[in-house]
Structure formats: structure tokens, C-alpha cells
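Below sits a lone chain in C-alpha cells, taken as the form predicted alone.
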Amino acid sequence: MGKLFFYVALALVLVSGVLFAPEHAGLAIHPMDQFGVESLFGGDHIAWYTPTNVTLWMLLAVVAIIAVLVLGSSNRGIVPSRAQSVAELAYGFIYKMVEDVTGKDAVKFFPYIMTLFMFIVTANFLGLIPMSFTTTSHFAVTAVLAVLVFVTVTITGFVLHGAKFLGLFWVSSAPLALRPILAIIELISYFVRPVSHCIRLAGNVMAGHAVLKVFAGFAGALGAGAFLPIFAITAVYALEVLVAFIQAYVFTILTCVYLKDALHPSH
């Protein structure tokens, strides 16, 4: 695994040597350029229906998930293949999370939560490939995921409990005089959930990739003296591999926590 990190870091350095080689005396590093949305077929005008690098890498994430979970586990055997092992581990991991955090009555939401986790973690790992595009670094992508969770949880709460779902905002254990104030605070925090949900994922992914590109820029500019930036890139890349999984886990477990409020709205 250490060799893998080094080879990826070395690839980043070689690529950055071309991208960041200064034509003049100054050093120009633009770490945010990697997040730009570009049309696949050229042109500056991008509409909602325009195929872009974002849609391409989202499609690749979906294809990768299908390849692992569907095709990789289609020929199930007593001795599992690598793809079957990954599929079984992911299935068992998410199923246990849903059951432990939300309860057995939330197992019916397992396919949705499993889809969320697999899409986010796959998109995060695909974004670690040199010269790739990280779709989860865009707030437009994470905001849609967070809003879908928010709408699903809210509709589920009202469908199952009706007006009793509003009991989630009423802190019955608090003194009566404080309950209206606490209800307003709880209501505000409830509607802030999708904001924090999407910003946490996109912000962490974007920050890590920006740091990687900054160090890659230094390594490309220093040339033969780029030993320290290479070690920094290797360390940050190893951290980003961990962050790619952790952020998918955090997004998913928060979805389970929010869903638990919808299924059991007592405060």
C-alpha cells in the first residue's frame, strides 16, 4: 500500500511538472482550477442538459458500482472472488449500520442508504485517480444528496406519525416556559441539517484535493529538489484515502440518525 501511495504521488509530480512549470520567474499555482465544470464537447455555454466532466465521472461511479455489486457478485461461489468479497463486506457493513443506529424497523430503507454510501464512497475514490474529477467536491452534487435525505426523512415522519411528528421539536422534559424557545431552536436546527450535511462532505473533499494540488505545484516547480513536496503529497494522499471512506461513512450514518428521528420522533 505504501508503494501505491508513492507511485500515485510520483504520477502527480510528473503531471504537475508539466502543468506548473513556470514560464516566467514567478510561480503560479491554482488549486481551485481542478474543480471547474467543463463541457465534454467544448464550448463555454453550459446548460442543465450539457454533458460535462461532472456527469461523466458520476456516470463512471455508477458503472463502477454496477460492476462490483451486480456483475462482480453474479457468479456467487463458496470461495468468493475479490469483487464478491467487496460486495459482501459493503452489504454487511451498511446493513449492520442501519440496524444498529436506526433500528430493525428501518431495514426497509436499507437499499436507499446502501445506494447513498456506495455512490459517495465510489465517487470519492475515483476522484483520487490522477487527472480525474471529484464530483463530491461540488456543492451542487452534495446538496442534491442532502436535500433528498431531508425530504425523505420529513415525508416519512409525517406519513408514519402525522401531526405527532412535530413532537420532535417539542422538548417535553424542559420547563414549560422554555419549551416554545427550544421549539424554535429545534426547528431551525432541523432545517439547517441539509446545509451542514452537504457542506461537510463537499468541504472536506475539496480541501484535501486543493492541498494535494498545492504540494504538486511546488514539486513541479522545484524539479530535482522536490523531495519534501513528494513526501508531503504521499502523506496527504494517504490521508485522503482515509477521508474518502470516512466522509462517505459520516454522510451515511447521519442519514441513519435523521431517519431514526422520523421513525421515532419522541424527543
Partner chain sequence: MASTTHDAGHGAADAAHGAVDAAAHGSSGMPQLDFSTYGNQIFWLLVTLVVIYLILSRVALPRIAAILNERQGTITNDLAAAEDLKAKAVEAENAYNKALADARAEAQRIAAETRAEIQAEVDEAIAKADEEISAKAADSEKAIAEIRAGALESVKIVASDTASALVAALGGKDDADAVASAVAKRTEG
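Residue numbers count along the first chain shown, from 1. Keep in mind the model is a prediction, meaning the values are calculated, not measured.
Below: the form predicted together with its partner chain, not depicted.
Colleague: Sort through G162, P180, P175, P111 and report the residue having a heavy atom within 4.5 Å of its partner chain in the predicted bound form.
Modeller: Partner contact (heavy atom, 4.5 Å) among the options: P111.
Colleague: Answer with one of I184, A140, I155, V192: the residue that has a non-hydrogen atom within 4.5 Å of its partner chain in the predicted bound form.
Modeller: Of the candidates I184, A140, I155, V192, A140 is the one lying within 4.5 Å of its partner chain in the predicted bound form.
Colleague: Based on heavy atom distances of at most 4.5 Å to its partner chain in the predicted bound form, which listed stretch, 98 to 106, 184 to 192, 164 to 172, 115 to 123, is the contact stretch?
Modeller: Only one stretch passes the 4.5 Å heavy-atom test: 115 to 123.
Colleague: Can any non-hydrogen atom of T52 be found within 4.5 angstroms of its partner chain in the predicted bound form?
Modeller: Contact check for T52: yes, within 4.5 Å of its partner chain in the predicted bound form.
Colleague: Is there any non-hydrogen atom of M206 lying within 4.5 Å of its partner chain in the predicted bound form?
Modeller: M206 belongs to the contact set for its partner chain.
Colleague: Is S74 near its partner chain? Define near as a heavy atom within 4.5 Å, in the predicted bound form.
Modeller: The answer is yes: S74 has a heavy atom within 4.5 Å of its partner chain.
Colleague: Do V144 and its partner chain come within 4.5 Å of each other in the predicted bound form, heavy atoms counted?
Modeller: Heavy-atom contact with its partner chain at 4.5 Å: present for V144.
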